[in-house]
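So here's one chain in two forms, each on its own in structure tokens, numbered structure 1 and structure 2.
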Structure 1
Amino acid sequence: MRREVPLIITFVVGVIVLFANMFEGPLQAWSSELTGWLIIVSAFAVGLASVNLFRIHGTALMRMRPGWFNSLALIVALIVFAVIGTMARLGGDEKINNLNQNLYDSIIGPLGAAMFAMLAFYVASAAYRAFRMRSAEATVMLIAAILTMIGKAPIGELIWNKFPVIAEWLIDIPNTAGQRAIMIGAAIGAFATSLRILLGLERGHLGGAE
């Protein structure tokens, strides 16, 4: 029963939500109710994840494992952001609201910008490896990338006024066609995975239970 009950619940909920988008009737009301429960379950999942983070990093901090300072920073950040955010959501005064906004503007925003700035170097390195002309496909990709970069750069139009036109065509036609192909493939994969979950063939959501 430990395996069968979650599989039955998954199948019933999945079928209700699936057919509620296809047919009118009571299924739509049931689907809306289930969506509300989804928010509740998601909130519990976030809480469980937070508890797990405290357990793992608290243990690393108490045992002074290598990198314990990072664990300390994470725990302090979790506590501060949770307390200030909760107080602001519960109708705190103007100082609390300003502090909550400043925490985002002065900490989360700059950290996110720094992370994406560092990722730019990895993207550039991956692009260099991908654009090496080892095959006809890589050569076409390299030429298209060079034309797009030149066409989008201000100096490109000064070199030749057709570069922006070529870049725009590459983005609107071949790029859009490729994106649609990827989206179709992803949709087919998502459908296949959803079908396997509904039929009980995919049981990863059960925590690896067989």
Structure 2
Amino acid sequence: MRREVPLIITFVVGVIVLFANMFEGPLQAWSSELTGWLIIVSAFAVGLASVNLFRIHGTALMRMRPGWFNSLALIVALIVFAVIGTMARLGGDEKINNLNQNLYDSIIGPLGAAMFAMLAFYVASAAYRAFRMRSAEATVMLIAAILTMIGKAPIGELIWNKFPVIAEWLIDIPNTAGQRAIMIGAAIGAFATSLRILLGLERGHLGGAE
């Protein structure tokens, strides 16, 4: 019972969701009900995950481990955002709404944007580190990268007006061919992996024997 029920749930749910895309009738209704539930179950999972955060940082704080100050900051931020966000969402007044928006716009927004923008630096250092003509293969990659970069930079066409044409060709033909084939292979692999899960042949996530 402990072992079979989860396997049956996975199989039944998966089969309904899969075939609802191809058959009209009750399957579609069941599938949209089942996938609709996901929003609710996932919402509970977010709570579970937050409990984990709380336990790790709460312990660090109580035992005054090195860096406890940061754990405190994390917990305070978590509580402030959760409380103000919930108040704003469940019908807060204008003041709460503005505070909620300002908190988002000046903490989560910019910090996320800064993390993302850090990629500009990392693209540079990764390129410097990785693009060496160590082998024939690496050389091919290097040349393709440089041609594309020059062709794409506004200044490239000022140097030679064929650079953008070369870059376009590289993107359109060899790049597309490579991407397509990788995608086909990955699709086949993904299908097989999902199938094994659906059939219960893969169940590490459900724990082993009781």
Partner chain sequence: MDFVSRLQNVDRRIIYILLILVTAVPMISPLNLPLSISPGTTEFFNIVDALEPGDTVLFSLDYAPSGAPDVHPIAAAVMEHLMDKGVNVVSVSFWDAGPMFGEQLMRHYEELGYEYGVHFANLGFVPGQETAIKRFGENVGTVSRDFRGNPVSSLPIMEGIKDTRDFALVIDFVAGNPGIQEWVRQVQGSLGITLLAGSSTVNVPQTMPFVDSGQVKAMLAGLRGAAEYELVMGKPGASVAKMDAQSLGHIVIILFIVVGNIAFFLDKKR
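These numbers were taken from a predicted model, which means no experiment stands behind them. For numbering, take structure 1's sequence and count from 1. Here, rigid core means the biggest group of C-alpha atoms that superpose within 1.5 Å across both forms.
Here the chain appears twice, and structure 1 is the form predicted on its own. Shown in the overlay between structure 1 and structure 2, fitted on the rigid core, is a CA shift at residue 125 of 2 Å or greater. Relative to the superposed core, residue 9 undergoes a C-alpha shift smaller than 2 Å between structure 1 and structure 2.
The rigid-core alignment places the CA of residue 195 less than 2 Å apart between structure 1 and structure 2.
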